[in-house]
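Here we start with a single chain on its own, the form predicted alone, put down as structure tokens.
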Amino acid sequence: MRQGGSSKSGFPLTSTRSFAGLLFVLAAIWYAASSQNNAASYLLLFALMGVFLVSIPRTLLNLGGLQATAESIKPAFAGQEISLPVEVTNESRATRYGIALTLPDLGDARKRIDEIPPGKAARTVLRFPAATRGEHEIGRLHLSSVYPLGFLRVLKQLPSPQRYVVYPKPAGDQRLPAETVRSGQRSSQRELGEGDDFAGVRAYVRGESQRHIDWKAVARGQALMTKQFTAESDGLLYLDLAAMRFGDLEARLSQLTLWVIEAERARRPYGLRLPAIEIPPSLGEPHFHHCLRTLALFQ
């Protein structure tokens, strides 16, 4: 059984599944009391009804003075988890109990805060899956409570205009394309890993040249790792969507995403070419996220 209404506080009030059980118990006690004319049964019936009626204003007041502030959302890759930090502030003079924080458009995103003292704030993180690439929006945030008995639920809706970006899922061949552009002119062939400055190691990919394997690490019993070197200053790598002839658009964007990650790890200057879009080669976190955001929003 589910009932709905609006309280004087302006918060929607609905019944929970437990309310149907309460009605069944009250009906059973009433039937027993009336059929047997039992005073003790009547006393129990009125006591339970009195407790329920007294709990209604406590339920309504439990969301009073609560405000929620959602912080900015960091980008994530498709298939990963989005984290939304939220701070719930209690501006009232009474402690609030059993506050549920939900995103109505994402049913699985739910967190419970057991207690918020007066004048204090509680921080929590709502987590939900990043399904598809692109820019998404969270429009509403719900605070709800069934305190103290769990028979009625009061709801407070808060606007929470939050936009976040989901990058394409990295997938494909980890080996970067060998083609580079020198000083913006003709291309030359060059194997990943050549250069003068050592930049670290990464996991060995089957099929790569064994010249750069860290054999000393292998001798110590470690896994196969490939040494990485920074590229020559005039060797610029362009990741070009038009040059890829395999898979559908999403598969090619996933491959470009993986190459952006690998090029950044290898400290190899890289640029991005898409129809009507060209990002010059560079390195660093701002360039990295600029390329990934461009791939995420590409249509």
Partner chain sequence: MKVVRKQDTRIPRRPLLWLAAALLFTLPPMFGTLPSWVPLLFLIALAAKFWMEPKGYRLRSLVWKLVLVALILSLLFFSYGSIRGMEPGVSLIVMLTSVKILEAHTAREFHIMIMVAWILCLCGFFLSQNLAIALCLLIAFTLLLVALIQFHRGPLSAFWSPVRTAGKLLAQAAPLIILLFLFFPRLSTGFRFQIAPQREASTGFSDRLSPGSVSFLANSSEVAFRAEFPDGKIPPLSAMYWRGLVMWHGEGLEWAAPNAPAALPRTSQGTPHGQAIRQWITIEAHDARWMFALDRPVNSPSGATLAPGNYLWSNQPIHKPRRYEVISYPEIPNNRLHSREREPLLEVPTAISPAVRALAQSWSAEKAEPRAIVNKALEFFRTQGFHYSLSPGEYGKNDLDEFLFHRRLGFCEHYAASFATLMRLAGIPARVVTGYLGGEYNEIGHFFLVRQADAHAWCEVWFPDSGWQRIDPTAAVAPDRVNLGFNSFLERRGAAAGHLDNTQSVLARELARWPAFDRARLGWQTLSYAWDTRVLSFDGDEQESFFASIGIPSHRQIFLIVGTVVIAIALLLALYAAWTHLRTRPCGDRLKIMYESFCRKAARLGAPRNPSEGPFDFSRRATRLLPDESDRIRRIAKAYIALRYAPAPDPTTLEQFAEEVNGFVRAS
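Residue numbers count along the first chain shown, from 1. Worth saying up front: this structure is predicted, and the values here are computed from it rather than measured.
Not on display, but discussed next: the form predicted in complex with its partner chain.
K.L.:
Quick one: in the predicted complex, does every one of R140, L237 and L249 get a heavy atom within 4.5 Å of its partner chain?
P.N.:
No.
K.L.:
Of G150, P117, G134, P104, which residue is found within 4.5 angstroms of its partner chain in the predicted complex when only non-hydrogen atoms are counted?
P.N.:
By the 4.5 Å criterion, the partner-contacting residue is G150.
K.L.:
Within 4.5 Å, heavy atoms only, one stretch in 40-48, 237-245, 255-263, 268-276 touches its partner chain in the predicted complex. Which?
P.N.:
It is 40-48 that comes within 4.5 Å of the partner.
K.L.:
If you check in the predicted complex, is V146 within 4.5 Å of its partner chain, heavy atoms only?
P.N.:
Yes - in the predicted complex, heavy atoms of V146 and its partner chain come within 4.5 Å of each other.
K.L.:
Might E87 be said to contact its partner chain in the predicted complex, defining contact as any heavy atom within 4.5 Å?
P.N.:
Taking the distances in the predicted complex, the answer for E87 is no, it never comes within 4.5 Å of its partner chain.
K.L.:
Considering only heavy atoms, tell me if R112 and its partner chain come within 4.5 Å of each other in the predicted complex.
P.N.:
R112: contacts its partner chain in the predicted complex.
K.L.:
At the 4.5 Å heavy atom threshold, is S18 in contact with its partner chain in the predicted complex?
P.N.:
The answer is yes: S18 has a heavy atom within 4.5 Å of its partner chain.
K.L.:
Could you pull out the residues of 59-97 that have any heavy atom within 4.5 Å of its partner chain in the predicted complex?
P.N.:
Stretch hits, in order: L61, G65, T69, E91, S92, R93, A94, R96, Y97.
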